[in-house]
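Considered here are two forms of the same protein chain, supplied as structure tokens in two stand-alone entries, structure 1 and structure 2.
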Structure 1
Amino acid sequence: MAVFTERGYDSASMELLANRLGITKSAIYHHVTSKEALLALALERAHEGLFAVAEEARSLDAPAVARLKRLVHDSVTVLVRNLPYVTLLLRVRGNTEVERRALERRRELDHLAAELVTEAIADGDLRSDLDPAMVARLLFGLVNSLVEWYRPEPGDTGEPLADAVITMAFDGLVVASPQPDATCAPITPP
């Protein structure tokens, strides 16, 4: 996985993998039938985490915004905890059959996100001046872009990062304006 991440799947030759493992190319083929099988295994692992998150967000008993926020938040933590696997998944281009199947499964996740955004807008919880499909893509573009720069320490669950993503995407970067429910209300001392 380290070699795949550093060089990219295509540029990571079996020779290079073997060197890093301290064995020969042919020894690898005792454990796995092909290079592509190695890729399939890794992609499977990435999907596992992401689909678990999607399932949980979907089954949550809460308004669409809340489910969407949960989906975004937990996607970040899964991404952080399975960084090499998710990175590989996100870099797949569809050159082979294995890659195309992975892309299809990713689209299912995109679809769920788009549904939640649409519903949240209908609820009046998200601004209606942006296209729902575009919002969904911007949101997950933001999440997915983390693989390009975030380098977690061992033990990092990505919790603060997930909160930062939620804050920027939902509340924006400009200084906090009063929340709707607090607007113009006098400050009540505790």
Structure 2
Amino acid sequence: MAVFTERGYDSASMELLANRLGITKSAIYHHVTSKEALLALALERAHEGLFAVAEEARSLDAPAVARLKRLVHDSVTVLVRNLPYVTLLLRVRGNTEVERRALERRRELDHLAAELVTEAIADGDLRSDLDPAMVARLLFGLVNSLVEWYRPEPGDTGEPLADAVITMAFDGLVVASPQPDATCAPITPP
């Protein structure tokens, strides 16, 4: 996964992979039929965790906002546990059939998040002045950006990070004050 992530899928040759692993190319081919098959296995590992938490969030008997929070929270913990695989998933560009399928599956997760946002707005639990698809993209843009800077320590479950993401995304950063503050007035689009 490190070679695919560092070099990009197209530039990662089987010879380079074999050298990094300290084995022969034939040893790799003993386990997988092609570089694309290896990519498919890696992407499936990322999807497996993400779709498991999506299904769990979808099946909760709870308001939509609680299911959305669970989806975001647990997506962070999956990302932490499977960082190399999720990083690779987030870097695919659709140049191969395997990558195009991976992007389609990612869009399924986007749709689920947008549906939950729509439901939470209808329930009166989220602001109604924002586009649900945009909110979902912003939430998962925040989650996905973690691959760029977060480096888990051994044994790190990602729970404190997931809790911080939920607090920031759903409760905000500004401390509520009893008096309106003119310096924090909402920005009204033109």
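All values derive from a computational prediction rather than experimental measurement. In this text, the rigid core denotes the largest set of C-alpha atoms whose superposition between the two forms falls within 1.5 Å. Just so we're on the same page, residue numbers count up from 1 along structure 1's sequence.
The same chain appears twice here, once per structure, so which copy is the form predicted in complex with the DNA?
-> Answer to the question: structure 1 is the form predicted in complex with the DNA, whereas structure 2 comes from elsewhere.
With both forms fitted on the core, give yes or no for whether the Cα of E15 moves by 2 angstroms or more between structures 1 and 2.
-> Yes: E15 shifts by at least 2 Å between structures 1 and 2.
Once the rigid core is superposed, tell me how far the Cα of E6 moves between structures 1 and 2, in Å to one decimal.
-> C-alpha shift for E6: 3.4 Å.
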